[in-house]
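Take a look at this one chain, the form predicted alone, written out in structure tokens.
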């Protein structure tokens, strides 16, 4: 348990020291003991199984559903089929964006992130592929540059250019676009399955004896664990994952297209600009942070998360960080205003830009708390 000297106690101690017998000033200064104890096993196990692994399993399932939805478009003239495929694309975005709060391990070592989510899209090369006489198949596409495959290539084909609207008529979908979509979705399905397997079967596809990444996270410090030497290393990874995505949303995804003024705003840098799904993406990024912090999905039964680690050291800080996460989510969602304005339009609108700035400020406040108040707790943690 953490022990803190109150101001009164500290003054008494200092006063007594000053009135002491010898009057010498060589007494060692009293250093407050800010250390605290917390048993992290349950928290790490819960976060691994019920937030991270469940999230990637959900992504793999929705990757399969997206592939199936695109297959129905091959010969379809039904607008409902296109809308269903668009919905499947948005559904797959949710676990992926929430998972960016723990974007370490296989998603990094297997280079799956750029394969799935590179942006901005290279529309010039994409059009070249559509104009070519070469057929589309999954294995060929895996050899192409990342900026003509993954989420945003499928988004462009499903929703159109996004400049004036985010709708597309099934009649506008060419035969080549349909073939390209199906092949892209097959590649996407394969990568999401590979990522799920890496967490649950083997973290190295080239080595069938390699442990699932989930076991490496849950069992740090063992002789076979070459990734994590201790629970402290795991908790540090989790906290840095939260910091990383808060930084990316505030200082990258929002700030880069926002620019310094309306004249310097650049909609070409907006992620998910074709579907107008940007604000949902950004809020899902921070909802993912909340999932890790709370240890459960919104509305689920209470489980241990990083909030319990922080509360073991400072209950006031634990509550404050939770409130700042919630506030950042609300401020991002509020960017749409009363007329459901998409992000790419909001950065070009005077009132919209004010709302964007409020969201950026909330994210900056949260990032400062994570970096300056939460991360330093690791040095005070008595792990045994």
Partner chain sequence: MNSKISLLAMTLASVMGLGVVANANAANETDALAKAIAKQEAEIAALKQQLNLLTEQQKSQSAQQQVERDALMSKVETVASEVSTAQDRYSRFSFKSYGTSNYTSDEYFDNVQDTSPERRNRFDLERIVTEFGYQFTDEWSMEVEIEYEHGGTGTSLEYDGFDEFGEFESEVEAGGEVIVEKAEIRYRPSKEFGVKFGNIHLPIGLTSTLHKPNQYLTVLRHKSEAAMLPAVWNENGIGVYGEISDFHYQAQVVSGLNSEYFRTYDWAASGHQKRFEHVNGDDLAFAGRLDYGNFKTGSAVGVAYYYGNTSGNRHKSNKLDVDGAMSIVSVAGAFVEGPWILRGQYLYGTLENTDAITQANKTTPGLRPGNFAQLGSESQSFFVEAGVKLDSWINIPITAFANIDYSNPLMAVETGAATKRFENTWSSVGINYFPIPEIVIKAEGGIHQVAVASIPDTNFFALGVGYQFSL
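Positions refer to the first chain, counted from 1. Quick caveat: nothing in here was measured; it's all calculated off a predicted structure.
A second form of this protein, the form predicted in complex with its partner chain, is not displayed here; the remarks below concern that form.
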Its partner chain isn't shown here, but in the model of the complex which of 167, 109, 71, 174 has a heavy atom within 4.5 Å of it?
109
Could you check which residue among 314, 147, 197, 296 gets a heavy atom within 4.5 Å of its partner chain in the model of the complex?
147
Give a yes or no for residue 140: in the model of the complex, does one of its heavy atoms lie within 4.5 Å of a heavy atom belonging to its partner chain?
yes
Residue 274, heavy atom within 4.5 angstroms of its partner chain in the model of the complex
yes
Contact of residue 202 with its partner chain in the model of the complex (heavy atom, 4.5 Å)
no
Is residue 102 close to its partner chain in the model of the complex, meaning a heavy atom pair under 4.5 Å apart or at it?
no
Report the stretch among 208-216, 296-304, 121-129, 84-92 that approaches its partner chain in the model of the complex to within 4.5 Å, counting heavy atoms only.
121-129
Let me know which residues along 228-256 have a heavy atom within 4.5 Å of its partner chain in the model of the complex, or say none if there are none.
248, 252, 253, 256
